[in-house]
Every structure is written in C-alpha cells, then in structure tokens.
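Next up: just one chain, as structure tokens, the form predicted on its own.
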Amino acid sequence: MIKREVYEAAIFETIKKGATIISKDVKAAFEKAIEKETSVSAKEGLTDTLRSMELSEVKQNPLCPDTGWPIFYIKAGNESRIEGGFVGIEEAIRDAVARATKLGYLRATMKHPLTGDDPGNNIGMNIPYFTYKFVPGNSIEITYVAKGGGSECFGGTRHRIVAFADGLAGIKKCVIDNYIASTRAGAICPPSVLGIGIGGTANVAANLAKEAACLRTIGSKNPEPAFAKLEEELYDAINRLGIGIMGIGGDTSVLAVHIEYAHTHIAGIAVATSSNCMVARRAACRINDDNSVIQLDSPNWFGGR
C-alpha cells in the first residue's frame, strides 16, 4: 500500500521541482534555439532567459514571477492501493500547494472570480484542478503543471470550428491565425510550446490542446504519421513568421508544436490552441506500491495511449 506520508512528501517535492527547475527537454530546446538563431537581439534574449532559469535552480527561486494555475494530472494504476484513497491524494495536493505558497515557491495568484477574494494560499473552488487517467498497474504518477497567466489569459487559448469541407488547409489556417492573434495580444511570452487539440466538442479540443502543450516533451511526435507530419509543417510555418522571443523578431517563434486529437462529428471539426509559455514548468513523479518514489523526466501522460 502507498503510505500517505510517502505521497505527501513526493507531491511537495514535485511542486518544488516544477516551480524552480527547468525540464531537460525545455533546456535542450533553448540550447538548440540559441545555436541556430541569426538575430543578435534574439540570441541575447534566449541566452539571458536560459541563464535566468539556470540560476532559479541554484537559488531555488521560482522560474517565473507568475507561478500560474496549479494543475495536476494523476495517472493511476487500476490495482493501486493508496492510504486515504484519492480523497487523501487530493487533500495532500491542497496541503502541498498551500505549503509551497507559504514558502515562496508559488505566488498567491488564485482569487475569487467575482469578489476578488484572495485566500492567500492558491486554494479555492476547483483549484488546484485535477485530471485523472486510469491505467493497468499498481503505481500512481502525479504531474504538476504551472499554467501561466500570460499563456492562458488574453488569447493564449483559442478555439474555432472548422468545416469538413475546409479540411487540412482550414485546420492549418486556424492554428496559424490563432497563434498570430495570441502573440499580438502581448501576453503569451513566445517562443511557446504550442498545443493543438483537433476534434471532439469545444471543451474536449481545448483539454487536448492543454495536455499537448503541457504534458508532451519537446521532441516527441504524435504516433500517427499524418499528425506527426502536420506537427512538423506547422512548426516550420510558425517559425517562418519571424515572431521571435517576446515578439522582438527572430528564428524561433515556437519551441515545439504538439497535436492530440479526438474523433469528431461530421458537422465540423473543433480546433483549439493552447500556448504554454517558454518556461513550460512541470514535474512528475511515480510512486510505487512498495513506497519507492521515482522522479520522472517526462510526465509519461501519453505513454501507452
């Protein structure tokens, strides 16, 4: 059985890691962007940003002053035995978020949407937010994602219904139009990790886009060749726009383009985009039935599909 004291400690350490340490794949993407950048200003911006993130790990400070929404993805083994069950897991997550906020790893940014009441600990209605996936096995994997305010608000997430008659060309136009509009809004901090959800209802497409942006590692490809090809085509097309880091111009406007999809109604195709800021903060751990804990380099959310 997975003991409560074990998962409580693991959850807090996962939040702390996600808040302060840049993921290996994100760092590699920055290094690649710096190497190929031809704009002096953009190269300097990318280099300084990477250096800042490296110092955050050394000083144990937040990677970005906006620590965003606390979002958790829980991949649960169907045979897992958990002391306190999933209610206990959610209680432990709330406690860990409040503790991380008090210690300064997270800023208190979550407020009541009408009154502006601020509990001061990032705990409130539907916050933290939980998404579950059940798989065979007896371990649980918990991923913490900090979805930044800039990448989410003011146009960072958009959706549109594309007619079947418009097909692939309509999907591409929708995605590129969305990204241009998002960067013009001045809040998403490019170069982003762009997640795209295709199909399903509007909320399904939006959820898939967020998962693609936040949980896919940079360099991964959709396993279906047609979608992998579309990812590459959109990656090339958006980078040719010349938006660059923070919109100052440059060769890298997105660090990656990730697509996830759902079957859809013949009436139309929902297309959603979700921009994850360049810091792309996340961390994940696996807690085994023998109470061993493994820190994961990848959230592994899509493993096994």
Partner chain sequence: MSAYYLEGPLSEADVTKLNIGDVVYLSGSAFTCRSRFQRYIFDENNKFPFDLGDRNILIHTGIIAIRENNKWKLVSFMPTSSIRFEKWGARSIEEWNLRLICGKTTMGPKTAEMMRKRKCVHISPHSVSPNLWIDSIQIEGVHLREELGSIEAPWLLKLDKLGPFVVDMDCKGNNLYDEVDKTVAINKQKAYSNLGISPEFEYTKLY
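As the structure is a prediction and not an experimental result, all values here were calculated from the model. Residue numbers count along the first chain shown, from 1.
Here the subject shifts to the form predicted together with its partner chain, a form of this protein not shown in this document.
- A residue is said to contact a partner when one of its heavy atoms sits within 4.5 Å of a partner heavy atom; Leu106 meets this definition for its partner chain in the model of the complex.
- Within this chain, Tyr129 is remote from the site of its partner chain in the model of the complex, having no heavy atom within 4.5 Å.
- In the model of the complex, Ser41 approaches its partner chain with a heavy atom inside 4.5 Å.
- Under a 4.5 angstroms non-hydrogen atom cutoff, its partner chain in the model of the complex lacks Met125 among its neighbouring residues.
- The partner is absent here; in the model of the complex, the one residue of Val257, Ile245, Ala272, Ala33 having a heavy atom within 4.5 Å of its partner chain is Ile245.
- Highlighted residues Pro65, Leu114 and Leu234: every one comes within 4.5 Å of its partner chain in the model of the complex, counting any heavy atom.
- Only one of 115-123, 87-95, 132-140, 200-208 places residue heavy atoms within 4.5 angstroms of its partner chain in the model of the complex, namely 115-123.
- Along 30-52, these residues reach a heavy atom to within 4.5 Å of its partner chain in the model of the complex: Ser41, Glu44, Gly45, Asp48, Thr49, Arg51, Ser52.
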